[in-house]
Ligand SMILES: Cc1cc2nc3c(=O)[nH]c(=O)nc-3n(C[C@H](O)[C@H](O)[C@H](O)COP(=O)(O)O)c2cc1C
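Only one chain is included here, represented as structure tokens and corresponding to the form predicted on its own.
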């Protein structure tokens, strides 16, 4: 089977708009988190979600070890947070306003469009990423806040 060029793969899949989330956890050495745009609802009964962290992520091992996390659905005006949480080595929580999610204690970022407090149900290797299946333990949204959208390699204006 011929190899699919990475540039072609990104160009075609870039046609599919996605939301952007920051997945956080309360790690043993402090909070950790990463930006994710490969996120999805999986099941209504039971309430399950999924996301795909890269094997190269520095934050994913902390989330995996902790076993719990909060999915923060970024608001349209939070593009800078998406970029910050995608930057390796950045001090992601310096000056960031957040509270503790009710079940996991993971950082729940102020001003997000919605959030899901979860625990890891299963992890499956999927190429150069892992597929994380999470059970939703608590959630909420502010329908007045528009979500951040990623499309064709960039963020759509609010």
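Worth saying up front: this structure is predicted, and the values here are computed from it rather than measured. Residue numbers count along the first chain shown, from 1.
What follows is about the form predicted together with the ligand, which we do not show.
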By the heavy atom within 4.5 Å rule, which residue out of 132, 116, 112, 36 makes contact with the ligand in the model of the complex? 36
So which of 53 to 61, 40 to 48, 118 to 126, 102 to 110 is the stretch with heavy atoms within 4.5 Å of the ligand in the model of the complex? 53 to 61
In the model of the complex, is there a heavy atom of the ligand that lies within 4.5 Å of any heavy atom of residue 82, even though the partner is absent here? yes
Does at least one non-hydrogen atom of residue 76 fall within 4.5 angstroms of the ligand in the model of the complex? no
With the ligand taken in the model of the complex, which residues across 72 to 103 come within 4.5 angstroms through any non-hydrogen atom? 82, 85, 86, 87, 88, 92
